[in-house]
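The form predicted on its own is given below as one chain in structure tokens.
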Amino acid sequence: MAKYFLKRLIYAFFTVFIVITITFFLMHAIPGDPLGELVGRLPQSVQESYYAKYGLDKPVYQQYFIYIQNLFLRGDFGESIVYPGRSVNSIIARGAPISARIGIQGLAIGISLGITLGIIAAYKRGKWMDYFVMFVALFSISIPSFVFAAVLQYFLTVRYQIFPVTGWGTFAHTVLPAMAFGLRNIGVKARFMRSTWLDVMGQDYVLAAEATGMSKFDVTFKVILRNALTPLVTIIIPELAFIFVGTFVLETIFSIPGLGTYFIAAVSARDYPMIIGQTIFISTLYVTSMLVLDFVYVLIDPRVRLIKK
């Protein structure tokens, strides 16, 4: 098993390295000058100092090797162009916890409601409750999160003034963006849980558990629920890496100082270090989540074993 996971770790490293390389050269292949508007009216000597500061006075291949050296030796993503004097590392360190808080709260809402609705639909299969849950799931999947955000803002801030419209600082500021993010995720979890639950209910080991005289409560929560949740892990753990991405638009709508606010500003201003740094950060989280998934899947499902070939 150790050899298997070591191999996966090596694959993960090369995957991240390829993402870094592709992202770097794609960003530099885009036409335009990231410092054009910033230093366009400054004296020539000042312009040259700015280009030298960000390494843009060198050929692209030299910039790449310098970036790789700084990244792997010092973990340095460079200095932001949009926010002079601030490193990309410090911006990510400040914005990531904010985005993670919104994303985790929203994911918790989506998972809890999605699983509950999926189980209800499975037990009420073919009845009006089943059709209603599937309609809610389809509605949730079809509507973008920013639409939910606008509706929530109107009803819970403008009309009834329960929560603040925008801003950051208290738990109340996290409720609406988390709800908007969570409502968007209910549908996938509900549909997946319904189909998985129905599949598990038809397995022989469930019938055997019922035949041994186990109570309905024990069969439901000790046999069916455990086995139905196992496949759900395969879609929940990778989503943890994207809690930072899924809130980008919501952060702009609610004026939340998370990664999304910085990333959108970086894209608009061609802030190479910021865009590349956040892309590497999110890609690394995703690859790491897949490694964690391998460990967790083996631990929670005793039927999964690594077979030596």
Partner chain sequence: MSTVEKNTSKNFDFEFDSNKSLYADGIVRPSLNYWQDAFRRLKKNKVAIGAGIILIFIIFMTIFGPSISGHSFTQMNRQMVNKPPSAEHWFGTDRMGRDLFTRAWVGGRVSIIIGVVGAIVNVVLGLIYGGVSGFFGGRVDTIMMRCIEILGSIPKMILIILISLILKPGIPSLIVALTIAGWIGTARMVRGQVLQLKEMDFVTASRALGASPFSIIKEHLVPNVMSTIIVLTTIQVPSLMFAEAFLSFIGLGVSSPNTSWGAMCAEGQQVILFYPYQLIFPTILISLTMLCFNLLGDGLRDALDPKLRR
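All figures in this text were calculated on a predicted structure; none of them were measured in a lab. Positions refer to the first chain, counted from 1.
The same protein has a further form, the form predicted in complex with its partner chain, not shown here; the description that follows concerns it.
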item: 4.5 Å heavy atom contact, P97 and its partner chain in the model of the complex; value: no
item: Proximity of T196 to its partner chain in the model of the complex, heavy atoms at 4.5 Å; value: no
item: L56: touches its partner chain in the model of the complex, heavy atom cutoff 4.5 angstroms; value: no
item: Non-hydrogen atom contact F263 with its partner chain in the model of the complex at 4.5 angstroms; value: yes
item: Partner-contacting position among L207, A172, I235, V147 - heavy atom within 4.5 Å of its partner chain in the model of the complex; value: V147
item: Members of 132-152 lying within 4.5 angstroms of its partner chain, judged by heavy atom, in the model of the complex; value: F135, L138, F139, I141, S142, I143, P144, S145, F146, V147, A150, V151
item: CA-CA separation of G246 and Y83, closer or farther in the model of the complex than in the form shown [shift of 3 angstroms or more]; value: closer
